[in-house]
Structure formats: C-alpha cells, structure tokens
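The chain that follows stands alone, in the form predicted alone, written as structure tokens.
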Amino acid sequence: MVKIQLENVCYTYGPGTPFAKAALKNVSLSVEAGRITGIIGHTGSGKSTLVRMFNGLLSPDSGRVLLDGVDINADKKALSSVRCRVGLVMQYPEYQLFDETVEKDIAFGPRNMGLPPEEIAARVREAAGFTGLGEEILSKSPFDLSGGQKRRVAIAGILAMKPEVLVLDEPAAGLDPKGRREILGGLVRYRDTTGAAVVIVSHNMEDMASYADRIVVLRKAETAFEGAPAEVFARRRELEENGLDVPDAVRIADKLRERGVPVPEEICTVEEEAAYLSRLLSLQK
C-alpha cells in the first residue's frame, strides 16, 4: 500500500535571483507501508531537499506530496499533525540533544503530543529498545554518552512518536560497522513491528543492498531510475557515470563471472554471495 507519494515535485533555491538553483525537477516517487525505500545520489543531486519535502519542512514550488492520498501542504494548519505522522531524522541528529537525561530527551516528542505519563514512559522504553539503549542509560545525561549512543538517543526520540513514515538522512554516517548494523537493524525491527514506511538516504551502497527493499536513484535533481537493489546495482555503468559506487559483493561477482563462475545477477550482498559460493563448492566435492 502506498503511504506517501510525491507527484512531479519541483523546488528551486533562490528563485528569481542570479543564484537560483533547481534542487528538484519533476520528481515523482512512491513509498510503501511496511517497506524500506533507499534514496541514493551524488552530492548535490537533491537528496537532502527531497527528505524535507516528506513532512512539509519544505513545500514544493509545484507538484504535490500526498500522505494517504491527502496533499500535506493543502492546509498549513494541519502540518503539525503531519509531522507527528512523518518522523524526520536529519543527518547528525545527536547535535540536537538538549535535555538533562536521556529519558527526558526521548520523551520530548510524545510529551508535546499530549500523551499521558504512562503512555510516554512505555514509548520511551520501546523506542530505546529499538535503538539498542539499555534501561541503565535512560537516567544518564545524553552529553555523557559516546557519539554512537547519542545518535541512538536522537533516533529513539523520533521513534517514540510512533511515526507512520520514518525518514532518515544518513542515519549511520560516521559509525563503525557494528554501530551501523545495530542502528539499521533497529530500524528494520521498527518497520517489522509497526508496519511503518521507512525511507533511508545513504551514500553507503552496502547498507542499501542489505536493508532496502527498493532504491531510488537521483541524478542532477531528477529521478534517474529505481528498482529492487539487484536491479539498480545491475546498472553499474550508469551508477558509476553519476559518481556512485556499487557494493563490494557486486564488484566481486563481476570478477567471478569474468572467470567463468556462474554467480547470479540478483546477488548484491556479501552474505548472499558467501552462501551461494558455499553451496557451489559443496556441490563440487
């Protein structure tokens, strides 16, 4: 089911000035409930502008953003409700932490929603669980935590609002592999538990191959192409022409096929590749 849809969205910074720059040009895409949509593109392709469209932080110059079929910009008074339903996590959200304890920081959104204290407490603990934060951390100051823990607190603050659409701009940027797996794995658990639509912007192609159900490629403020991860990464030349990489598993599979190993085109993660090669070797014994 389509949860949120962009129809021919255009946006220009500094319109009518010598510095006018088109950030989005007739961008159309659909985000489905219960699925993770990845958005990739070279720096300057329009990704960060696009994510601000999802909850009305930016309004398109033309085109529409529909949430459950309703234009979110048709009634500006309703945007506060939209922002409870569409949670947006900007890049490096840990810089926005401010409260005296982790628990209070995570509770900020639910408290502003007017929820009763017992509901707020339950949401705080559930959100902390999704992001891998133990109960012992809730009483600590967020400023005493590591960078990765701060990132989890910031994401948990959005999850505690239980958004129907969760949009994240580089949620695992700068983290080590273990931290990346834990945060992205938590987002998968949130999707599986709630049925929410999740949108992830990332430069990390391994993450996109492993976690996205569908990938949208932006190029020079426009939608270039989209599809399942295997379909997108099969277009390696087009990606490289636009300054994008492919996962290591895809590159290795290309080399193996050159040497006569029949690696299927749909394999694009290390785990899939290892499992396939293990089966192939076992058949040859």
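The shown structure was predicted, so the numbers you read here are calculated from the model rather than taken from an experiment. Note that residue numbering begins at 1 and tracks the sequence as displayed.
What comes next is about the form predicted together with a small molecule, which is not displayed.
On the criterion of a non-hydrogen atom at 4.5 angstroms or closer, are Y13, K21 and S48 all touching the small molecule in the predicted bound form? Each of the three qualifies.
Pick the stretch from 244 to 252, 65 to 73, 36 to 44, 223 to 231 whose residues have a heavy atom within 4.5 Å of the small molecule in the predicted bound form. Partner-contacting stretch among the options: 36 to 44.
Mark S81 yes when one of its heavy atoms lies within 4.5 Å of a heavy atom of the small molecule in the predicted bound form, and no otherwise. No - in the predicted bound form, heavy atoms of S81 and the small molecule never come within 4.5 Å of each other.
Is there a heavy atom of R125 lying 4.5 Å or less from a heavy atom of the small molecule in the predicted bound form? Contact check for R125: no, nothing within 4.5 Å of the small molecule in the predicted bound form.
Non-hydrogen atom contact R189 with the small molecule in the predicted bound form at 4.5 angstroms: R189: no, not in contact with the small molecule in the predicted bound form.
Does at least one non-hydrogen atom of K140 fall within 4.5 angstroms of the small molecule in the predicted bound form? Outside the cut-off, so no.
Contacting member of H203, R111, R181, K104, with respect to the small molecule in the predicted bound form [4.5 Å, heavy atom]: Among H203, R111, R181, K104, a heavy atom within 4.5 Å of the small molecule in the predicted bound form occurs only for H203.
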